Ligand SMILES: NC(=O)c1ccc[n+]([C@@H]2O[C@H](COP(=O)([O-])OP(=O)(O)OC[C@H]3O[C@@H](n4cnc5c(N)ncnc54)[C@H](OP(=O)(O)O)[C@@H]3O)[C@@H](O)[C@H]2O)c1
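Given next, in structure tokens, is a single chain: the form predicted on its own.
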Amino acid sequence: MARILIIGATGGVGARLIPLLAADAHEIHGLHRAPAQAKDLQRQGVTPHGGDLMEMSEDDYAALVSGMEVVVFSAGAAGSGADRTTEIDGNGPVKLIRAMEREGVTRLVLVSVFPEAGRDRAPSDGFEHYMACKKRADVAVAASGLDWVIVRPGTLQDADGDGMVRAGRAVPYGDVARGNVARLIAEVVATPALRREAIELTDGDTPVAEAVAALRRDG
């Protein structure tokens, strides 16, 4: 059992991750922005922590991660504007990394974006800014001393999925159910030997546990 913090606990991936981690008897903590979300998290057995990623400082992140063993960052601005994208998708992970290093918390799972995302349509300034912020966060994570795993899902579908995926260091672009992203994160959490990896992820025909096991470099 581990103490796990989910940043993005009320989102499409985070909400599906909670019951998977609870089934493994982990102690789950979740960051929420709206006060009304606290009771919903508590009903799921999650310890709620209020905070707005637009306003949180490195010190706020440090207080949040103190005592945790694993941090999952699955939050995102979700197209709500350039300023929010800069702060949440770009600056948020950078401040989190510094806070984790200060507090001696080493395991981080970051939900990022597939490099080919959106390349089948005309580019827009907002989307290019989003991709640049995600890349900046990925670079900061990869340059850190943490035991990180970056998950790069394809086009997210609002579905639970069937637990069958295609995952690897480089795979063809495609769709992926949010539930399958959550399943992969739960399996990564259960596989501490998997570290310092970036995983591209789509729906596929391989069970999540097998896909994660195939990425291990220790066996």
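Each residue number is its position in the shown sequence, starting from 1. Treat the numbers as computed from the prediction; the structure is a model and nothing was measured.
Omitted here: the form predicted together with this ligand. The next part is about that form.
A.B. asks: Do heavy atoms from each of R107, D138 and T191 fall within 4.5 Å of this ligand in the model of the complex?
C.D. replies: No, the whole trio is out of contact, none within 4.5 Å by any heavy atom.
A.B. asks: Please check if T155 has a heavy atom lying within 4.5 Å of any heavy atom of this ligand in the model of the complex.
C.D. replies: Heavy-atom contact with this ligand at 4.5 Å: present for T155.
A.B. asks: Do R166 and this ligand share at least one heavy atom pair within 4.5 Å in the model of the complex?
C.D. replies: It does not: once this ligand is placed as it appears in the model of the complex, R166 has no heavy atom within 4.5 Å of it.
A.B. asks: Flag P172 as yes or no: does it have a non-hydrogen atom within 4.5 angstroms of any non-hydrogen atom of this ligand in the model of the complex?
C.D. replies: No, P172 sits far enough from this ligand in the model of the complex that none of its heavy atoms falls within 4.5 Å.
A.B. asks: Since only the chain is shown here, I'm wondering whether Q37 would be in contact with this ligand in the model of the complex (any heavy atom pair within 4.5 Å).
C.D. replies: Q37: yes, in contact with this ligand in the model of the complex.
A.B. asks: Using a 4.5 Å heavy atom cut-off, which residue among A99, L146, C133, V113 comes into contact with this ligand in the model of the complex?
C.D. replies: Among A99, L146, C133, V113, a heavy atom within 4.5 Å of this ligand in the model of the complex occurs only for V113.
A.B. asks: If we check this ligand in the model of the complex, which of the residues in 67 to 86 reach within 4.5 angstroms of it by a non-hydrogen atom?
C.D. replies: Contacting residues: S74, A75, G76, A78, R84.
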